[in-house]
Each structure stands twice: as structure tokens, then as C-alpha cells.
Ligand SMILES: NC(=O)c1ccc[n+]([C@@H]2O[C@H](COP(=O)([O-])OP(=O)(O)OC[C@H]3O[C@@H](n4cnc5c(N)ncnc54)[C@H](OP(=O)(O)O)[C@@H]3O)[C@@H](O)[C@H]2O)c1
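Before any questions on binding or motion, here is one chain by itself as C-alpha cells, the form predicted alone.
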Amino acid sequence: MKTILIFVSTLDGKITKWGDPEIRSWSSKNDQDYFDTVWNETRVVIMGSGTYNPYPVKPNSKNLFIVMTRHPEEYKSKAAPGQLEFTNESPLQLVTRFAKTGEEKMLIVGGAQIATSFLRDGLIDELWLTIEPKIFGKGANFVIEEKLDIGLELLSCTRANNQGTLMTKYKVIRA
């Protein structure tokens, strides 16, 4: 199973504009279309409650959305088995569970704490990063402050528009 971390970022590495979690207000239409396509082609999509809470996903038969939270019991009324689950499983437990069920791909969509925990535990195979030609100066990064030393190898880079939006894919190099 391939685990993919996907984000959109500014040139200065921000995934939010001044802390506002609404990405669609500043990311390009190209990135939004790309993300929607990847999202729709992936059955298992992992996010944290900080990503879910401002913009709750709706359960559907195509995806299995997993929301990582310390308090899954608080979301009992929103859960839809096999479509929308809330869990306090660790990243390793999730990867193990879905590898056993034969899933081909797992998409990690945010936020920074979830991304950092999967990266720290060496569970990310590829990083797909859209780089928007913007600089915000202030905003969230896609990893939280933690000592990491992760090598990447560029697999592809595509210029998406005249403004210079770049869609990159990196392979994580294991030491």
C-alpha cells in the first residue's frame, strides 16, 4: 500500500493564509481540480479533527474518510461505518489495518499534526505538493515544529498555469 501526503503550499511554505484554514480562497483552480481528482480516485482518506471540524466531509460510498482524534466518542453521531470513521488509532495502526485489507493507496490530507506524526513514524511513501506562487509570511506549515530529517527524490514537476503553480511529486527516501 502506498501512503501519500498531499498539500498545497505557498513559496514560503505556508498551508494557511495567516492561520485561516480556508485553502480554496487562495489556491489556484488548477490545484483545486487536481486535489478533487486525487480525492475522488482514492478510497481511504485520512485527516485530523482540526481539518474535519471547520469543513466536515459528507459520507459517501466511494470514500472511507478516517478522522484521527483523541476523542472519537465525541463524534459518534456523525460516524457512518465504512464511509466516515473517527478513531484514536496511531498512524502505524491505520497503515497496518488498511494494508491488511488490500487497499492500494491511502491519502493523508491534513493537518500538520497528522502529517508530522506519519512523517515522524516513517509511514509516508510519497509527498505530493502543489506550490502556489504566493508568499504569506504568516500561516501554518504542513509539519509542526519537530526535529525531522527526511530525504526526498523528485518524481515529477508540472507547471499548471501561467502564474507558475507547480505540482510536484516526491518519493520519500528511507535511510
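Computed from a predicted model, the values in this text were never measured in an experiment. Quick note: we count residues from 1 along the sequence shown, nothing fancier.
Not on display, but discussed next: the form predicted together with the named molecule.
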item: L123, V57, V44, A112 - the one with a heavy atom within 4.5 Å of the named molecule in the predicted bound form; value: A112
item: The named molecule in the predicted bound form reached by all of F7, H71 and T87, non-hydrogen atom within 4.5 Å; value: yes
item: Stretch in contact, per heavy atom within 4.5 angstroms of the named molecule in the predicted bound form, of 58 to 66, 131 to 139, 45 to 53, 146 to 154; value: 45 to 53
item: Partner contact for Y75 in the predicted bound form: the named molecule, 4.5 angstroms, heavy atom; value: yes
item: Interface membership of L166, the named molecule in the predicted bound form, 4.5 Å heavy atom rule; value: no
item: is_contact(A160, the named molecule) in the predicted bound form, heavy atom dist at most 4.5 Å; value: no
